[in-house]
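Next up is one chain by itself, shown in structure tokens, the form predicted on its own.
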Amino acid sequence: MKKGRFRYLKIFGGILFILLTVLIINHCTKETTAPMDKASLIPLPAKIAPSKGAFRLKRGTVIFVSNNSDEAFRVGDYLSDFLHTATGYQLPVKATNKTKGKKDIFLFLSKNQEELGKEGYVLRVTPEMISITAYQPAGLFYGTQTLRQLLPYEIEKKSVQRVSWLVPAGTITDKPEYAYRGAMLDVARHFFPPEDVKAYIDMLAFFKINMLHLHLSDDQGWRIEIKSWPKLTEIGGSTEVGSGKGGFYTREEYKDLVNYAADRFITIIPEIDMPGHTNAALASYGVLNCDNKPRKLYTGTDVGFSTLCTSKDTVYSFIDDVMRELAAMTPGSWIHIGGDEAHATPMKEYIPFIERTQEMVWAHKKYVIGWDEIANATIDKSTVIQFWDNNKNTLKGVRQGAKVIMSPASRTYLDMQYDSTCNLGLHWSGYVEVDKAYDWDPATLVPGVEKENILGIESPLWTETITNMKDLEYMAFPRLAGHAEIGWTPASERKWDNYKIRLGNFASRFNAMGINFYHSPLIQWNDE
């Protein structure tokens, strides 16, 4: 009996040991994630209310769309495709009348959420479901970008990752501070092919940037096909800074870029800079010069030496043709006419040129954007001034009723060097470290330019020294992330001491995205 009793005790003890081991392992490996309000989100949402628990994304999760909106389905498909890459899950997108479900994601368009505006959203996460509610499809899309940042950073990788896809529970109520949140890419001084522009568009969308301003012409290159003036690309598009081969976008390529951006709720704004910055056009057609002689192609970086012959009717026929073809390819509301650094154009010629060009843009049912110099002319209140350098010019525009895009060179120019050791970029407007790029308020920067005068913010990247995507990424990031937060987050919620921590925690995500970002010594980077 004693031996039998001992044998049973031994068996029971073994079972008890196994149960305790399982309990200990389960306790030690319990899936957890940081609370929602501790997540490193950029741009910072307006309101975050954390709650207990987390949603776990699984293979059986379904993305439900609450109505038959094609745009809502487009957002659902975008989310499904994005999540598939790193999770390996094929998440179906389905229409539904349900308002909740088990372990599913819901995208709701609600006519009762008008206060969210065109781009606002409410993101609710519980252990049972995720819902994104918006008044317009753009809000749904921006809600998915916040959801993306709430997931582990491995979600950004380009291969399947074996991690638990947890999303912290809580509610985010969010909408942007400014309607216009832009980036500009100079493809004239160095040409960037369509695949590079698309990659940049994806980066912009991630940070809720909604405008891409393409600088399509300058002294060094003409980058957009114009059927009625074919030599613009044949000759003017044949080179770039440093005598590279140049390049240009065909009409089909440009339209494809416009559509690609629109799928990510980004509007492309084309710029044809004039009357200065026009040597590529002047080299293509002698008739655009007062002496009818074509200029030599230019591959340097000087500015202010070129001008269209503003007294010739042929020049205005040329501009009208370009605006007509460009407007037909561009569904957005704006065309940028440049107007900066026209030092070779006397002011008495510059002013009527700008006014006549403004009218031609209107004739093709578009509105005008121009650099702050155009405010020396009489401009309509529908015209937008892009402040980059001159306070007085900008105030002239405001007094005429124009809205302002804030692009101060000393804060937002992404081609400005970080410091004296930076091998890329220039520093004519000073060095721009990440704190200087972030810690300013568009509504208080220029005396006399108030918040109600400001349409938004834009970050220009001029490419005198930028020749490839890795260099582009290095100069744009992380400063562009800070600019995105200025454009999106209420000024009262933006604090440098808080932002620099979130930015430091973003290092793993930047790495997972493959972005070649600048490791500022001002930031404690948490690379994994």
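Residue numbers here begin at 1 and follow the sequence given. What you see is a predicted model; the values in this text were computed from it and never measured.
The same protein also exists as the form predicted in complex with a small molecule; that form is not shown, yet it is the one meant from here on.
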Using a 4.5 Å heavy atom cut-off, state whether residue 177 contacts the small molecule in the model of the complex. no
Is there any non-hydrogen atom of residue 493 lying within 4.5 Å of the small molecule in the model of the complex? no
Answer with yes or no whether residue 415 is in contact with the small molecule in the model of the complex, where contact means some heavy atom within 4.5 Å. yes
Check residue 471 for me: does it contact the small molecule in the model of the complex (non-hydrogen atoms, 4.5 angstroms)? no
In the model of the complex, which of the listed residues (443, 303, 351, 424) lies with a heavy atom within 4.5 Å of the small molecule? 303
Position in contact with the small molecule when the complex is considered in the model of the complex, options 439, 320, 340, 196, heavy atoms within 4.5 Å: 340
Within 4.5 Å, heavy atoms only, one stretch in 34 to 42, 497 to 505, 53 to 61, 460 to 468 touches the small molecule in the model of the complex. Which? 460 to 468
